[in-house]
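Single chain ahead, written as structure tokens, the form predicted alone.
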């Protein structure tokens, strides 16, 4: 019988090596054998089904039959839908603004910003603050990708004005506004608003899915402070506290873990988290986050996704170019930073690693390219940036 390794199985099934080992240890892969500290798996073995999903399915089907609507902020983000059934869940929601916001979320997170803009622009004002806040957040980020920077600024300004006007006697509204404000500021790498209350004050008032995304924002902010181990602690604790899988915040949490582990030069662990994010995202095509984080993932998309999913990789890179162009048009003027805007994604990834102290050989091994190709990309990038030293790359990278 022909056997494959745990790593081969993880890549074949798009899951982490840790999960494959768990399946082997619990007898869920027929014919798996242990050799030393690892396992070998029959080449024809089928990926085990997740029993948690099977247990949740009847309840979820009952919810869909009843067309249950999820009130509050970002209803899709705040739902533990089964991967692969995202559109089915939205279809079965009641026909009201919540459904339109959920659809706008789907359009945004699946890399369709034009449709997201159309679904949200009618809800930028109105009496329902949760709908308005959700619309403003989606509208702002979607307009970055379509190049409408003034529209994005309009939505972000509207959120700040609401935060400034809300009374302290409205704690739940302050919590919602604080979440949206911190998400907008941190993910654009801008200074946090002065009136923003500490996260520990508003976090307990948020529902589980939104709370998880708020903790992703916190982990991302901690990463930007170069506290990588602390950021990983936030990620692992947050993923461990969920009783059901919330796909959207979980995807983003796994991506921060990739950023942290790549900063710590722990590529295997970074790969495990990337594959975990991909396993959640691929069934519903929720690929936007991969494009948004490309520059921070340290070439992991080139190393892992590109060889196995070349067409998906092309779409992710298209998202990266669109989003990063709009992102820089807000980030660079507002911060005085000069994040490079004229590099290819491959040049940027190679330069990110070089700026972190990786050798050309390490970069080449990681990105599956030759040392000479690494040198060529970095030389081209330095010429575009008008610099003569690799030390100067740090001034143009997202470190």
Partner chain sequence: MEKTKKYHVEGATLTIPLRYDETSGRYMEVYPDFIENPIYTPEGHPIMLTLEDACAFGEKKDANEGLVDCGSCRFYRQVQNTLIGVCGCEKKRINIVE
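Positions refer to the first chain, counted from 1. Worth saying up front: this structure is predicted, and the values here are computed from it rather than measured.
One more form of this protein, predicted in complex with its partner chain, exists but is not displayed; see below.
Residue contact with its partner chain in the predicted complex: residue 12 places no heavy atom within 4.5 Å of it.
By the criterion of a heavy atom within 4.5 Å, residue 382 is counted among the residues contacting its partner chain in the predicted complex. Residue contact with its partner chain in the predicted complex: residue 346 places no heavy atom within 4.5 Å of it. Remark: residue 361 counts among the residues lining its partner chain in the predicted complex, judged by a heavy atom distance of 4.5 Å or less.
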